[in-house]
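To begin, one chain is listed below as structure tokens, in the form predicted on its own.
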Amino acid sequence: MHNAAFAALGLNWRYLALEVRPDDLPAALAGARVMGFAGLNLTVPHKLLALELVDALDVSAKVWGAVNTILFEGRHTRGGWRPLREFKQDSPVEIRTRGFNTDADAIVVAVREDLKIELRGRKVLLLGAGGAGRTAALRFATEGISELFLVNRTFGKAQKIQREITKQFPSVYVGLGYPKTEVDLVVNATSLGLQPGDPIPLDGKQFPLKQAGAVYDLIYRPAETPLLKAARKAGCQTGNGLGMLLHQGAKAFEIWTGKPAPLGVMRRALEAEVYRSSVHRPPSSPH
């Protein structure tokens, strides 16, 4: 999607996918700095590691506790930090990394667009309490959900998020485990569904999917995970993580380039890549 966007705006830029082991992340950031990269995206497990590795944190990374986007900034001879894209003739005195989080807002926009759900006053069941789960939980709380139920293999992680939200958002009820009643939205923030043969990340005996109004899976490939397939059969409204991927990417694009992201171009590029080999295609999007 980024390369399609660069081409659409006539930018002589290139987005590359690079596999980096967690232990090598400090060296990778140093290498990108030396090579003059404009910025980076980070995926799991680097989002939490980068919190301690970047030179400066944007407020978004501080609030949501994870870094998925990095901007390289240079210090001008006259002082002040600027994105490296602004250095045309002269060279920066110093280069630093600034970390951002574009995931949190993206999931709210995606749920609103794909499922037509406004989160205020809603009941949400969240599967997973890792980095993505924590970000989603806190962001949902800021939207004013009424109840949040957390399910995670490690009870302590879910309990930590419960305490965090209860302290910051006392009006939000946070329960640990499956709810006994219906919920408006189930969100999968685990990695179950990425690999063929993965089990559904939900215990159907404790919570039948027919008790959910809608199900959103942060996974976007495969386009329909086992969870979404089961939810569709149960009559739930469903959505996958492509919308979240699009909007977090669009925000990162704007941070790097300083230009509005061509959303239509980026969405079409994503859909062509993700859905070209998919049996179940979602309804066409107006975007």
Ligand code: ATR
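Throughout, we count residues from 1 along the sequence that is shown. Everything numeric in this text was worked out from a predicted model, so none of it was measured. Heads up, when I say rigid core I mean the largest set of C-alphas that superpose within 1.5 Å between the two forms.
Another form exists, predicted in complex with this ligand; not displayed. Remarks below refer to it.
**Q** Considering non-hydrogen atoms and a 4.5 Å limit, which listed residue (G74, G213, G130, P179) is close to this ligand in the predicted complex?
**A** None of the other options qualify; the answer is G130.
**Q** Going by heavy atom distances of 4.5 angstroms or less, which of L192, L119, L138, L209 would be at the interface with this ligand in the predicted complex?
**A** Comparing distances to this ligand in the predicted complex, the residue within 4.5 Å is L192.
**Q** Would you check, heavy atoms only and a 4.5 Å threshold, whether R153 touches this ligand in the predicted complex?
**A** Yes, contact at 4.5 Å.
**Q** Evaluate K157 for contact with this ligand in the predicted complex, applying a 4.5 angstroms cut-off between non-hydrogen atoms, and reply yes or no.
**A** Because a heavy atom of K157 falls inside 4.5 Å of this ligand in the predicted complex, the answer is yes.
**Q** Tell me which of 122-130, 88-96, 74-82, 101-109 has residues with heavy atoms within 4.5 angstroms of this ligand in the predicted complex?
**A** Selected stretch: 122-130.
**Q** How about P45 - superposed on the rigid core, does its CA move between the shown form and the other one by 2 Å or more?
**A** Comparing the forms between the shown form and the other one, which are aligned on their rigid core, P45 does shift its C-alpha by 2 Å or more.
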